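The data below hold one chain only, encoded as structure tokens and taken in the form predicted on its own.
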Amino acid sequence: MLKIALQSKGRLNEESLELLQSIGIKLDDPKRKFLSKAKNFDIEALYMRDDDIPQLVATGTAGLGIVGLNEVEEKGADVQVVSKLGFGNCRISLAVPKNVEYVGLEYFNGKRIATSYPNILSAFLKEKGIDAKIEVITGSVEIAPAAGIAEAIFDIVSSGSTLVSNGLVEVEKVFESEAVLIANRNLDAHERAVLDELLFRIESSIMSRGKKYLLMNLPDASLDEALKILPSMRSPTIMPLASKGWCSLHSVVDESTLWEKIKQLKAIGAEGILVIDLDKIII
């Protein structure tokens, strides 16, 4: 059975479990055990600290893992990033006290920067030719300037509210991160087959995000105009109606453009428009 390492708690844990559940993988008591098996898939989940997951996958203790790309980069573990999952989005940024005059990266020369990501920060400073001292902190990095530990921080930013509450301002976005599926580079044939099936399901779920299924009745005379308005995965589905001169048109659209498309379709005579949520798209 193939092990997949998941973050033991926090938002990434919840979203990882939601993803697995959405693709039909049901884990046995996922919130109560260190290790839980899937009831209907050849996989079991191992719940770990996020910063331990890349190394566990690299050594083969777990064949797969779901973890932030930032942790993969920081640990430098020799793993394969097989899929970006589209959740857990954040960035690692440099931030300074809001009352300082920030004039650019040269501000950091000679400064102390507190961080839990010394490797990513060190590589960035080297690339930019900045000579700063890195203070490694594993806890609440954002308090470092107020505590006199450092003049700046390098930390994860999501909404930015934590920075604001600590009197800091984000000045340089350095690394963009999101949850990724990683794999050991030496999976055997059976494990690779399990991974391929998992990827197939994940990709079908990812493809459906932000998509809606449209069904409508349309005058035949407006069909050519409708086809210019609507996208499709290959070609829209068109079926004749019992009423002469009318057809039924089906297509998939991005939610971001849904209402504009509906407005355009109504303008050319579309009626009875149905908007349906999509669960999966399988190519």
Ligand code: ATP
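Note that the structure is a prediction, hence the values are computed from the model and not measured. The first residue of the sequence shown is number 1, and the count goes up from there.
If you look for the form predicted in complex with the named molecule, you will not find it shown, but the lines that follow are about it.
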Review point. Among the candidate residues Ser205, Ser177, Asn184, Ser93, which is the single one with a non-hydrogen atom no more than 4.5 Å from the named molecule in the model of the complex?
Key: Ser177
Revision key, fill the gap. Given 94-102, 125-133, 166-174, 70-78, the stretch touching the named molecule in the model of the complex at heavy atoms within 4.5 Å is 70-78
Check your understanding: Is Lys266 close enough to the named molecule in the model of the complex to count, meaning some heavy atom within 4.5 Å?
Key -> no
Practice item. Would you please decide whether Leu12 lies within 4.5 angstroms of the named molecule in the model of the complex, comparing each non-hydrogen atom pair? Key: yes
Review point. Does the 4.5 Å heavy atom contact test between Glu225 and the named molecule in the model of the complex come out positive?
Key: no
Check your understanding: Quick one: does Lys26 come within 4.5 Å of the named molecule in the model of the complex, counting heavy atoms only?
Key -> no
Review point. Quick one: which residues from 127-161 get a non-hydrogen atom within 4.5 Å of the named molecule in the model of the complex?
Key: Ile156, Ser158
